[in-house]
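In the block that follows, a single chain appears as structure tokens, in the form predicted alone.
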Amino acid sequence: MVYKIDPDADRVYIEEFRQKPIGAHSPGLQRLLNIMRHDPSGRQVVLVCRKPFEEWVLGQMPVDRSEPIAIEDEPIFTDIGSAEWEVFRRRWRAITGEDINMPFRD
């Protein structure tokens, strides 16, 4: 049986991810991320690096993987943490229907 995200119970991991989007995570957050990284629809939001270590944008994987990734022109992220945060927010919304209305940094 595959675990399903419970917004009420899993909301606790949002702040953990915001504070540390890259690196080792707690087992609970890692479980959440593993689920968020697998979209059964095939239309996953992904990061696209346009300039190594300098610039990222978001894209959407097509269901048919032989088609190109739909790349968004905006926003352009200049740090990987902000870009990872936006991917997390969008995947959370897609799965739970809830928006995370918090900036990456206060």
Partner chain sequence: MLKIVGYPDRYSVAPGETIAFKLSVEEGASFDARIVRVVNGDCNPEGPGLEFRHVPTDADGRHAALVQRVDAGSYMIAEGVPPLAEKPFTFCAFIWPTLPTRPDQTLAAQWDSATQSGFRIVIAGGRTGIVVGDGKGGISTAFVDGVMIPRRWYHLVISLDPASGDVTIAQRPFIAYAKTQDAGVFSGRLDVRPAALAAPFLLAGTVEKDGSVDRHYDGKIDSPTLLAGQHGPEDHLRLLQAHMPQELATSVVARWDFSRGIDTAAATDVGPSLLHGRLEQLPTRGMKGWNWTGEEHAWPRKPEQYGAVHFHHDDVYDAAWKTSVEVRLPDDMPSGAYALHAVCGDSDETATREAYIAFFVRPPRAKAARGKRPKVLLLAPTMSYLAYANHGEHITARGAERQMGRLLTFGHADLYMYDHAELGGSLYDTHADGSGVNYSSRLRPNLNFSPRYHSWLGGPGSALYQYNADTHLFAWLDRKGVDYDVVTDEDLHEDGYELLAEYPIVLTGTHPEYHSTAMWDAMKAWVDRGGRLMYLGANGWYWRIAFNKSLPGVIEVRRAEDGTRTWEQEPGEYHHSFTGEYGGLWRRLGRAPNVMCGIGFIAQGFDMSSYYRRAPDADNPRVGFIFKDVPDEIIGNFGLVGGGAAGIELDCISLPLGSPPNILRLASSDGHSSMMMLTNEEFSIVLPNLGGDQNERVHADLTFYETPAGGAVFGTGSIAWCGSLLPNGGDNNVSRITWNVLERFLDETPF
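Positions refer to the first chain, counted from 1. Quick caveat, the model's predicted, so the values are computed rather than measured.
From this point on, the text means the form predicted in complex with its partner chain, which you will not see here.
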Exercise for review: Report whether the minimum heavy atom distance between residue 34 and its partner chain in the model of the complex is within 4.5 Å.
Suggested key: yes
Practice item. Consider residue 97 of the chain shown here, and say whether it contacts its partner chain in the model of the complex, taking contact as heavy atoms within 4.5 Å. Key: no
Point to revise | Any non-hydrogen atom of residue 14 within 4.5 angstroms of its partner chain in the model of the complex | key: no
Practice item. Look up in the model of the complex whether residue 84 has a non-hydrogen atom within 4.5 angstroms of its partner chain, and give yes or no. Key: yes
Practice item. Sequence order please: the residues of 26-51 with a heavy atom within 4.5 Å of its partner chain in the model of the complex. Key: 30, 34, 37, 38, 42, 44, 45, 46, 47, 48, 49, 50, 51
